[in-house]
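The chain that follows stands alone, in the form predicted alone, written as structure tokens.
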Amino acid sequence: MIRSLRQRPWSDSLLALACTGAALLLAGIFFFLLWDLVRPGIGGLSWQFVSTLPAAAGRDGGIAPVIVSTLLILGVCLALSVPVALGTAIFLAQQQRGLPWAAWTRRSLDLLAAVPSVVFGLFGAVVFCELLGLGYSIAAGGLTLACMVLPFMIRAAEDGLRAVPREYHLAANALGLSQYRLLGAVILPAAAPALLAALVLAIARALAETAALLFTSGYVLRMPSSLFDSGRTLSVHIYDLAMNVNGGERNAYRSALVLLVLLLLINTATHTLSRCLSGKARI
């Protein structure tokens, strides 16, 4: 006989209360941070601020070249990291489950995920800026970010692929589907929400990064003409205005608000796409 809610042990009620309190605390922290950005930054936020060039070291004018540099660096990062992460995750989860070195590969990825970003910045400065001759450039910054987000993407994507029910594999094998058909029509659509969640985590980590980009992409405040020009991202711009430019705090808050809005738009788009792809696995 199922016990009613009033007959639950006090430990269950205490656990439910603790979980509810933790969720409310997290939501409160988010809204506090949001209010802390909106209150000083919403006043001067306009299309002119987003679309015009900066002036007076960034304390006046807009952030158009900063947004362009941010999107270019993010594009380079995702163009390299997404196919590599997806291929590695598929290989680990579907093709080589029993290989002895698979566990060491996963442990190496976990260790790389714990490496501080400044170490990746030094690595990118040596390998991409000096050895490959890219110098302080958008390409070097994007490649460095790709190396930094790969461990998160691979592990999250692998977990999503492993979470696909085994019945899907059995049904596809019973119908005689090829591995390519099984992967493209069944496994990937079923794991799409987890794969998109991994993509969101990678984008958030890349957009929020500052230390690694100071060593690789630089912080030149001008409109880039190619991937081999130096560029300043939003996170670096916020840091520079807050720490090095007198009177730049107001534009720093506005830039931080733009960065938050950009993250929310990306998160909303991927969430919508995830809902559209959920349940579309077909045989």
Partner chain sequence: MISSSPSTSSPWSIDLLLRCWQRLAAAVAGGVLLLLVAYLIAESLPALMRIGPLALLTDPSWHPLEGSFALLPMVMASVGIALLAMALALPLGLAIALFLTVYAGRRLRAIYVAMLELLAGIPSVILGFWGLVALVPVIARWQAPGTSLLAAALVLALMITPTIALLSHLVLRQAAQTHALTTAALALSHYAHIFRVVLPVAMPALASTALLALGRALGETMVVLMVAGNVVQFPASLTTPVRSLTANIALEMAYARQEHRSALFVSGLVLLLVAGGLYFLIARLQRGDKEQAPVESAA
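Residue numbers count along the first chain shown, from 1. For clarity, every value in this text was computed on a predicted model and none was experimentally measured. Throughout, rigid core stands for the largest set of C-alpha atoms superposing within 1.5 Å between the two forms.
Not pictured, yet referred to below: the form predicted in complex with its partner chain.
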| query | Which of these stretches, 246-254, 42-50, 55-63, 220-228, has heavy atoms within 4.5 Å of its partner chain in the predicted complex? | reply | 246-254
| field | Contacting member of 71, 79, 112, 201, with respect to its partner chain in the predicted complex [4.5 Å, heavy atom] | value | 112
| said: in the predicted complex, is there a heavy atom of its partner chain that lies within 4.5 Å of any heavy atom of residue 116, even though the partner is absent here? | reply: yes
| query | Applying a 4.5 Å heavy atom distance criterion, does residue 147 contact its partner chain in the predicted complex? | reply | yes
| query | Might residue 87 be said to contact its partner chain in the predicted complex, defining contact as any heavy atom within 4.5 Å? | reply | yes
| query | Should residue 214 be classed as touching its partner chain in the predicted complex when contacts are defined as heavy atoms within 4.5 Å? | reply | yes
| said: With its partner chain taken in the predicted complex, which residues across 34-49 come within 4.5 angstroms through any non-hydrogen atom? | reply: 36, 37
| field | Large Cα shift (2 Å or above) at residue 177 between the shown form and the other one, core-fitted | value | yes
